[in-house]
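Only one chain comes next, encoded as structure tokens, the form predicted alone.
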Amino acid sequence: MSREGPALAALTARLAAAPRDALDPGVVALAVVDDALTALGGPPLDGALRRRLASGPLGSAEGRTGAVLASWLVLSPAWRAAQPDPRAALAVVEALAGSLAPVLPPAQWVGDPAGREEAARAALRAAGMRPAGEDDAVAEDRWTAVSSALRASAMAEVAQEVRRAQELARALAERRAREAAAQYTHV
């Protein structure tokens, strides 16, 4: 059960309005995350958390860009009004940088409407919220429809089933060929 968060449209508009600098790989993501969390009233990142973030979700270029965009998102007025807790903001940074960025490039969170919706929904889920105006069932159904990770997982399962079916068909064909050869040699 999640609680109601900001409107999805407010979050997708915020992502669409992200400054181009947010996509610059030269931005120091840890500093941006630290600034965002302290702006929300949290303490500065300590050494252990910095190391955990740097070696985990922010360990790749996509992760760092995702962290910058997640920080931009949680500083939006709509987000701050609904969820000002810096711990929830950190969960959003970790989820978007560590889980979403590897499967959906952060540039798509800004430039593509479907990518914006997925990033906004992923942020809300990470913070234990659902979009304003949606109940849990609707939010979950829409998340399932837009999630790249779920789609990739479903595609992997389908590919696995296809491989199994091909192996079974090949084994059956080989068995029939052996049986046919055995009948021919015994005639």
Partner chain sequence: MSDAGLDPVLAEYEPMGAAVLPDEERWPLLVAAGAERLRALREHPAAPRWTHACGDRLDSGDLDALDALAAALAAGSGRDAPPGGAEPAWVGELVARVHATAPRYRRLVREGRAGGPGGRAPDRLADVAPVARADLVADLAGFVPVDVPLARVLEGTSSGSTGAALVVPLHPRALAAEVVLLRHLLEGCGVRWEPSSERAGLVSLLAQPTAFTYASVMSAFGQAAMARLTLHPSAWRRPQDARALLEALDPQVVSTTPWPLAQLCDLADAGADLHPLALVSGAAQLPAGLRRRATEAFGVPVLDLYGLRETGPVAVCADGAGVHVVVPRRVHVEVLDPSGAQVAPGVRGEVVVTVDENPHLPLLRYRTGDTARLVRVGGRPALAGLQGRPAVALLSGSGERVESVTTTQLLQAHGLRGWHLHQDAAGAVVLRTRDGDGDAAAARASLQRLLGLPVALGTLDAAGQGPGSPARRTTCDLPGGAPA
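For the two forms, the rigid core is made up of the largest set of C-alpha atoms that agree within 1.5 Å on superposition. Every value quoted in this text rests on a predicted model; they were computed, and no experiment measured them. Residue numbers count along the first chain shown, from 1.
There is another form of the same protein, the form predicted in complex with its partner chain; it is not shown, and what comes next is about it.
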message: Looking at 43 to 51, 133 to 141, 59 to 67, 115 to 123, which stretch has residues with any non-hydrogen atom within 4.5 Å of its partner chain in the model of the complex?
response: 133 to 141
message: Can you tell me if E167 lies within 4.5 angstroms of its partner chain in the model of the complex, counting non-hydrogen atoms only?
response: yes
query: Is V158 close enough to touch its partner chain in the model of the complex, meaning at least one heavy atom pair within 4.5 Å?
result: yes
task: Determine whether any heavy atom of E179 comes within 4.5 Å of a heavy atom of its partner chain in the model of the complex, and answer yes or no.
output: yes
- request: Answer yes if any heavy atom of A171 is within 4.5 Å of a heavy atom of its partner chain in the model of the complex; otherwise answer no.
  value: yes
query: For A17, is the C-alpha shift between the shown form and the other one 2 Å or more after core superposition?
result: no
